[in-house]
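In structure tokens, the next block holds one chain alone, the form predicted on its own.
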């Protein structure tokens, strides 16, 4: 289990995470939702130890250190690979550093996304680079897989098919934390939704419970964020009046 207790982070005096407490048990698929700047990426980078923070984060009851960080993998649209190396050389590098690396997943997902093994990563399109990030995160052999907007530049068919493949390959002990704006697409894929706003957790719900209540995930998110259904009509009314 990954556990955050009272985690706070500020950049130049501006709070990015505000006293966040959260638990991520093994075997869950969790969606992390929030507007741009809500704190999603900061939360993930804090878990990984990429940035300093106040509070406590533990991994299976222990602080996150070089001794156990391999239990966590990270797929980010910022990209973390070596652009001059090809995919197969990346595989060799990961196999050297992660004994639990899965060749089966690597080659299977490379074939699924139809990515070349011998071309340098710099020649990949943005969508292909993001696909490769996901492949490496899933092949590392980690127990906790963090994905931060991993599907940018991918068409809807690739995304939908990938969700089905992922559900089919995840082991019971693996946890996925997925940050995305594609709420409706992932609503049938995730089991739990965590909502963050202005650095605070404002919602945490099982998707199955919402379904039993007859509430969709998107409606729950709109309610939690006090979404104004009239914002479009009000804007058009003001703009139309000004233009007239």
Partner chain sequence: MKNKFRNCILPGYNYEGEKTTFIVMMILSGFCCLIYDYRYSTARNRLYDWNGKEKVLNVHAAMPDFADLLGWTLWGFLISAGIMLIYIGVRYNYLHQESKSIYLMRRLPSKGEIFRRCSVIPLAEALIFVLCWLVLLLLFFAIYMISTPDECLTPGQWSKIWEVRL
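Residue numbers count along the first chain shown, from 1. Only a predicted model underlies this, so the values are computations on that prediction, with no experimental measurement involved.
Although it is not shown, the form predicted in complex with its partner chain is what the next lines describe.
- Proximity to its partner chain in the model of the complex, defined as a heavy atom within 4.5 Å, holds among 128, 76, 158, 102 only for 76.
- Only one of 72, 134, 109, 87 lies close to its partner chain in the model of the complex, with a heavy atom inside 4.5 Å, and it is 72.
- Per the 4.5 Å heavy atom criterion, its partner chain in the model of the complex is contacted by stretch 49 to 57, the sole one of 32 to 40, 175 to 183, 193 to 201, 49 to 57.
- Within 4.5 Å of any heavy atom of its partner chain in the model of the complex lies no heavy atom of residue 139.
- Within this chain, residue 83 lines the site of its partner chain in the model of the complex, having a heavy atom no more than 4.5 Å away.
- At a distance threshold of 4.5 angstroms between non-hydrogen atoms, residue 119 is out of contact with its partner chain in the model of the complex.
- In the model of the complex, its partner chain lies farther than 4.5 Å from every heavy atom of residue 113.
- Taking its partner chain as positioned in the model of the complex, the residues of 88 to 113 that bring a heavy atom within 4.5 Å of it are, in sequence order, 93, 94, 96, 97, 98.
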